[in-house]
Ligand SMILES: NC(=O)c1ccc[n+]([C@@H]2O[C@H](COP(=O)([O-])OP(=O)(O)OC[C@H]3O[C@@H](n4cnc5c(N)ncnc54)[C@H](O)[C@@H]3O)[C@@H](O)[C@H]2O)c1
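Single chain ahead, by itself, as structure tokens, in the form predicted on its own.
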Amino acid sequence: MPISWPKLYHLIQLQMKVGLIGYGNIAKKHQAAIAKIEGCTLDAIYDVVPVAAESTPTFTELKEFLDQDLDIISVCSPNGLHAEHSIQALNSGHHVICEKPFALSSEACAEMIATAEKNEKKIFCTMQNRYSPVSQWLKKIVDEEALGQLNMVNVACYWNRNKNYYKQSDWRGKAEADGGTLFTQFSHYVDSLYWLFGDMKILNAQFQNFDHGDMIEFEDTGIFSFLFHQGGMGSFAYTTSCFEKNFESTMTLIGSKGTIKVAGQYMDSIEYCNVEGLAPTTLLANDNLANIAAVYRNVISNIESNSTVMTTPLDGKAVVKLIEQVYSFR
């Protein structure tokens, strides 16, 4: 039987008006997720480029957008603008949901958090992968220490990002606006490590740009190793140079009482599980849109009744700080 996970939100009673900053690919996913939530409406969209959005007012002037009657603003702009846009939205009296990465520096994250506190508003980080059935299953196993002593965790993310991907926008591949491959492509999986196992010490890292030439101003391939503060060691290998298409994302956990490997394009299936005393498990299929909708439900519930937050702003900052530590080896 499928596992039924406890919900981290209550029945939504408030009518929440949402505005989007940025209207690229991820913002369209937010738009579709918002449409799934009763009591939540998309009431405004801002982008520097004029947007054609059915039945939703659109703006090309940020001040005019921020003056709208909105409860939550979701920041879906390029990475390098996350901090600036979040701070402006908070100073305008709105709660904020910020897409990953939270910002491109831990100092910027701290400023975002301080601005929220100053304005008595809330800021949240979008890490929807925490809601996937496989992630929830792993979290339960780790929290219950079913693997015994954790010895090793290895992550491998092998994707493709071709020339057309970088040609689609003027910010992708630029160090100041994009930040790097770990920020843009793989911060969800750095977050998975942090969420499951806590903080870690980065021991070393290596980087190469094999296939992207001057299309990008940073690496397309990297590997780093780490020690968990709570014990255990591991490595993280990643690339955007796979031939033609994404290959897979995997996490292998090796403990004194079991071994687990999760895989699939988005680390959303169980490939191997041999854990002492653990019965075979059937999980629901992963649904990324439903996961984003769950982020909104959790945020709204927290605003309404101060319920538990799945991803706190301090979590968002911690992930950025880990990526900073990795990139300090450049």
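When you see a residue number, it is the position in the sequence shown, counting from 1. Fair warning: this is a prediction, and the values are worked out from it, not measured in the lab.
Below: the form predicted together with the named molecule, not depicted.
A heavy atom within 4.5 Å of the named molecule in the predicted complex is found for one listed residue only; from 283, 263, 26, 37, this is 26. Though the named molecule is absent from this view, in the predicted complex it lies within 4.5 Å of a heavy atom of just one residue from 132, 192, 240, 79, which is 79. Residue contact with the named molecule in the predicted complex: residue 47 places a heavy atom within 4.5 Å of it. In the predicted complex, no heavy atom of residue 316 sits within 4.5 Å of the named molecule. At least one heavy atom of residue 85 is located within 4.5 Å of the named molecule in the predicted complex. Not displayed here, the named molecule is kept clear of residue 181 by more than 4.5 Å at the level of heavy atoms in the predicted complex. With the named molecule left out of view, the stretch that reaches within 4.5 Å of it through heavy atoms in the predicted complex is, among 171-179, 148-156, 212-220, 196-204, 171-179. In the predicted complex, no residue of 306-330 lies within 4.5 Å of the named molecule by any heavy atom.
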